[in-house]
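Only one chain is included here, represented as structure tokens and corresponding to the form predicted alone.
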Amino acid sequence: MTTLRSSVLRLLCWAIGIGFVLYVPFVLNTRTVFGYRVGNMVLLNLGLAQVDLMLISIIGAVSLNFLTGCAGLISVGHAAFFAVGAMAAAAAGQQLGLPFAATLIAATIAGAIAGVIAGLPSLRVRGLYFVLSTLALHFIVVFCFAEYQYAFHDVAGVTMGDATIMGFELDNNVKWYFFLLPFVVLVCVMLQSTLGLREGRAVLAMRDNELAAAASGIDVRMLRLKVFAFSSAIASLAGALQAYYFTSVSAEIYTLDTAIQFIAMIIVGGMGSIRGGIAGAVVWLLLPSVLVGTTVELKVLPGGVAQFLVGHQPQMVNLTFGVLVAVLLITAPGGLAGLARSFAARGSRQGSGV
């Protein structure tokens, strides 16, 4: 009876979760719930465009978490792979006239090639020297993107074509949401499934102890290149999607700050966990809007406190993120995913009476 009740409860939770995911874009788009108008504070100051960008960032975050958290290969050049994807999609779509789906494939292939090139230094150098090689890659790719932009497009940016697939044009945020959501689910399931395969277990073994992994017969050198190609291909796909979503991109948006933000996402969410990459992207992309909306509603505070908070919103957001990262590094190195596992284990022990 307990098992049946647990199964029914689990199915009910899944049904509620799926219903929420399917209905939330209409709520954020119309600012109504079942026809009733809701305030901005109730919706946590969130918009559907922010959620769409969060979905794209989730793809980038989980791909970096696979590379750094699961394989142990630290990279600060993740923004470069986004730039590669955008540049490949623009070249395939604008110069070659390929359809939207083909440009995404071209961007994925270009990202895999760039990943192999980025992983080559890992065959000879380790630690800080390898990190510096990924940093050099970032500036090389951004320079190439800028030269491509000035040669074939406008100084203001690279204009992307229409995002149309099978006659379905992605021309509003709701359509983008329902297009991106399956992408995110597919990528996350694929990465999680990969970790359960023989190759995935080899990746984890390489991260934990490279010498022991090599002694057990794993070709560590080739595995590094495979992981880089796999991770960067996914990141470049996300970069192409982001470029089409923006409709126009410029080399200036692929800054080192963007790469650092992806590293912060996986630290906050939890290194070595696909769920951690999801949680980190959600927090990093949505929390600023929540904080800004909260400061606006704090006008009832006495004195000049409310005026100070409203007048220093960017600084308060940066301060909050800085404190959050510092606190998590000190108290919960496993990030939000690690905290969730700890609470689940604690609840399981209490439920079993241990």
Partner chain sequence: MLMQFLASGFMLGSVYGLVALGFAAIYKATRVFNFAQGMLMATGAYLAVTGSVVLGLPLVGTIAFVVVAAGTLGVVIQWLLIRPLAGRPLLAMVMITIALSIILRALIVIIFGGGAQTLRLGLPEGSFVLGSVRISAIHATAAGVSWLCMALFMVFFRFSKAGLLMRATADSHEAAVLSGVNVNRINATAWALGTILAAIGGVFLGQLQVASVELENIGLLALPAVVIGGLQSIPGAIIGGLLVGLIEQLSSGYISPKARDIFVYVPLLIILLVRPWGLFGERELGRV
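Numbering follows the first chain given and starts at 1. Just so it is clear, the structure is predicted and the values come from calculations on it, not from any experiment.
The same protein also exists as the form predicted together with the partner chain; that form is not shown, yet it is the one meant from here on.
Trainee: With the partner removed from view, which of 183-191, 232-240, 142-150, 92-100 is the stretch that lies within 4.5 Å of the partner chain in the predicted bound form, judged by heavy atom distances?
Mentor: Going through the listed ranges, the match is 142-150.
Trainee: I74, I263 and L319 - do all three of these have some heavy atom no more than 4.5 Å from the partner chain in the predicted bound form?
Mentor: Result yes, every residue of the spot touches the partner chain.
Trainee: Of A49, L287, V325, V33, which residue is found within 4.5 angstroms of the partner chain in the predicted bound form when only non-hydrogen atoms are counted?
Mentor: That would be V325.
Trainee: Using a 4.5 Å heavy atom cut-off, which residue among A214, V116, M222, A136 comes into contact with the partner chain in the predicted bound form?
Mentor: None of the others qualify; the residue that does is A136.
Trainee: Can you check whether G157 is within 4.5 Å of the partner chain in the predicted bound form, heavy atom basis?
Mentor: Residue-level check for G157: no, no contact with the partner chain.
Trainee: Contact with the partner chain in the predicted bound form for T68, defined as at least one heavy atom pair within 4.5 Å: yes or no?
Mentor: Answer yes; at least one heavy atom of T68 falls within 4.5 Å of the partner chain in the predicted bound form.
Trainee: Counting only non-hydrogen atoms and a 4.5 angstroms cut-off, does V292 reach the partner chain in the predicted bound form?
Mentor: Answer no; every heavy atom of V292 is more than 4.5 Å from the partner chain in the predicted bound form.
Trainee: Can A15 be called a contact residue for the partner chain in the predicted bound form at 4.5 Å between heavy atoms?
Mentor: Residue-level check for A15: no, no contact with the partner chain.
Trainee: Can you tell me which bits of 212-228 touch the partner chain in the predicted bound form, meaning any heavy atom within 4.5 Å?
Mentor: Read in sequence order, no residue approaches the partner chain (within 4.5 Å, in the predicted bound form).
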